[in-house]
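Listed next as structure tokens is one chain, alone, in the form predicted alone.
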Amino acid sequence: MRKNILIDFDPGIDDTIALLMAFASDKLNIVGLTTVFGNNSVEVTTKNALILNDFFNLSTVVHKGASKGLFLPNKNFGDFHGKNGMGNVDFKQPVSVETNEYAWDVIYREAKKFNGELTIVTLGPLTNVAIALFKYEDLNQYVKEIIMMAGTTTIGNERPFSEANVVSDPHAMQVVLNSGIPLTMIGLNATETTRMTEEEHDVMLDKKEEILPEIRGMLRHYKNIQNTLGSPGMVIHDAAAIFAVIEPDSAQSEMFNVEVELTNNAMFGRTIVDIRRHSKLPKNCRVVERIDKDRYLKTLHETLLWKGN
């Protein structure tokens, strides 16, 4: 039986590969796509979602969401994913258009429709989900689980100890952590366990099977920027998270209490994971610690050969 999921994301190179992996899987039923600011403005991320919808002939409805965090000013967007959010790869202008429904309304509608059998997968800031929780006080009764590519138990990326999706709207993350919905956090500490070496990356892209040139260009940009600003090799964070959704037994995890640092200091946006064995704090979140890299890479290779519907 396929798992019903709604993907809330901010495409994004790694979001693109994650989306392909989700649609290529025979274990998921994608019921909708909602967009949020993050890797770029919500106007750009929504346009990119529509581009991908057309490019891969997905025929999925796209709904636009939040343009900034709950209590934060507009975010400054870097060009880690390229100016267009897609590694500066040129795509045709989208024919598809987003609906007039806001993302948070769609989240509630789909949750009620599936009556407790909907999984929300977030690959960007948690703002849309937080707004849905504020607007619809009974939402937590209808959501099976929320699986988040968010946070970290170790070092961060946008700040020394803060991961980008959380620090973009830490208040939204805290709202979700307080929701009572079963939660899984797949943070940088987990996705980093799937980091490819330079050799693994080159073998993947240079294999004889045809990979669409647009995807090849995006991944080369992504690897080059990671090598320039981060560590050698490449990790596709959102794709690793989607893989853990598809193959949950591939992810080593444990229940912990998780909170977010909301004080405006050097630790702002840090996910505080209470790993103390004697802690009396409620364990509100399953935290993924490691993902099976070999199984992930096999699925990733298969995904890159998928040409859409």
Partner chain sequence: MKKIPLIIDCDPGHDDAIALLIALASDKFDLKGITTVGGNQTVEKTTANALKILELVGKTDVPVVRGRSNPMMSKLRVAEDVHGKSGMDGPVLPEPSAQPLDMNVVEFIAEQVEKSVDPFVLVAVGPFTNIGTFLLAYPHLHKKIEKIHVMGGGVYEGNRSQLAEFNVWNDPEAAKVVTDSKIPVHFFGLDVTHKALIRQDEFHLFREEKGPIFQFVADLLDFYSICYVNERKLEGCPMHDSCAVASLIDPHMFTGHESYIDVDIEGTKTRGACVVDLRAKERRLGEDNGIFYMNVDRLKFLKLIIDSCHKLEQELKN
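These numbers come from a predicted model, not from an experiment. Positions refer to the first chain, counted from 1.
One more form of this protein should be noted, the form predicted in complex with the partner chain, which is absent from this view; the next part is about it.
Among residues of the shown chain, Gln174 is one whose heavy atoms approach the partner chain to within 4.5 Å in the predicted complex.
By the criterion of a heavy atom within 4.5 Å, Glu137 is counted among the residues contacting the partner chain in the predicted complex. Mapping the unseen interface onto this chain, Gln226 falls outside it, with no heavy atom inside 4.5 Å of the partner chain in the predicted complex.
Although the partner is absent from this view, Trp104 contacts the partner chain in the predicted complex, with a non-hydrogen atom inside 4.5 angstroms. Site annotation in the predicted complex: the residue of Met267, Met255, Leu70, Val31 reaching within 4.5 Å of the partner chain with a heavy atom is Leu70. A heavy atom within 4.5 Å of the partner chain in the predicted complex is found for exactly one of Ile181, Leu133, Leu118, Leu219: Leu133. Contact with the partner chain in the predicted complex, defined as any heavy atom within 4.5 Å, is confined among 32-40, 236-244, 255-263, 48-56 to 255-263. Contact residues in stretch 1-22 (any heavy atom within 4.5 Å of the partner chain, taken in the predicted complex) are absent; none meets the cut-off.
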